[in-house]
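Encoded as structure tokens, the following chain is the form predicted alone, with no partner shown.
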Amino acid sequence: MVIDEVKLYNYRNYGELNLKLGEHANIFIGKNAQGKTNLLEGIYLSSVGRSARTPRWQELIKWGEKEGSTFVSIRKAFGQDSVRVKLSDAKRVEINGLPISKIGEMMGVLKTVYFSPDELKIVKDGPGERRRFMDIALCQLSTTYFYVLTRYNTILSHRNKLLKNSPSDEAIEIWDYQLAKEGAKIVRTRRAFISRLLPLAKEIHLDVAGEDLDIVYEGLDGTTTAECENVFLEALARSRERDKAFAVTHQGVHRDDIKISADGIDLRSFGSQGQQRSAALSLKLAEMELLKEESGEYPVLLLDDVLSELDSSRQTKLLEHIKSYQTIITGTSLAEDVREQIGKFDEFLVNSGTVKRIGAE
């Protein structure tokens, strides 16, 4: 999977941008606040329908304008696709020129893996960051998962609203059964994802950091979907009085987590920043390999100002990996030894919302 062309119109600090990319590494160099991250954000928006930085799509329209858009043309092993996201009074998506009615229809059309210094949150921050990591990867792997997750979040919202109105147990149970049904599917899918991701991440992490990485899903017990559903219902019943007292649902897959450890050390609590950075990098590169296993094609890797955050050893290991797929890299500068390690690349200068190709190797 390769992005051939990117177009931005009234997007963030871009007025109009028409950009053709190379199929290997594409390096965007520029000072801070010139638009490098905005470019990656626009590509990511075309992949999963949301920004990596803000939940408010209205903020993506250039200041003072009423509408904006992103367009990405993608070349695949079997054909060509395009994704256009229109931003005006609402957010609308077109696939190959045809409007879609559900955001789930765009999942998997353009697969991307996004990595920035903020991705350390996957390891060191709260459980929500690790659930987001799983869910974004799984939504790109399966539109079915996207719709199950959407239904679960809708049911959860209804249950929480109901809890604010002193409901009867019978009224709560109606939502409990629906929540448990969708939640059981989610936990089973997430566990399967972690079991497939683990060996890939282990191998990469041993190479990157020389440590034995382990990832364990922490959530509802149960081997089968039916068992998970029953365990979920029992947990909701035990927590019902507390839920009613606080008007919030305390049990469910929206509270699950992943335990990440290296050489037996829990990296969430006791890992150094270097260990956390290595683990986050290993998880992202493992996600690339898993998406390749599933679809037969690598997704596009988006690296936002990451190289400057890595020591020379981790940097070298990362650069070895990116030779296998299209990568879009941003940074304020690029050392000569890094250029040599990358090999074939196209280079661009970003300045105040304009992009100029300055060379190709």
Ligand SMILES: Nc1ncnc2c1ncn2[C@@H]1O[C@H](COP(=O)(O)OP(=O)(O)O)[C@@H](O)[C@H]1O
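Quick caveat, the model's predicted, so the values are computed rather than measured. Counting begins at 1, following the sequence as shown.
Keep in mind that the form predicted in complex with the ligand is not shown, yet the notes after this line are about it.
- For the options Gly68, Gly49, Gly35, Pro299, the one in contact with the ligand in the predicted complex, meaning a heavy atom within 4.5 Å, is Gly35.
- Contact check for Lys323: no non-hydrogen atom falls within 4.5 Å of the ligand in the predicted complex.
- Using a 4.5 angstroms limit between non-hydrogen atoms, Glu59 touches the ligand in the predicted complex.
- Residue contact with the ligand in the predicted complex: Arg53 places a heavy atom within 4.5 Å of it.
- Residue contact check for His24: none of its heavy atoms lie within 4.5 Å of the ligand in the predicted complex.
- Contacts with the ligand in the predicted complex, taken as any heavy atom within 4.5 Å, map within 10-26 to Arg12, Asn13.
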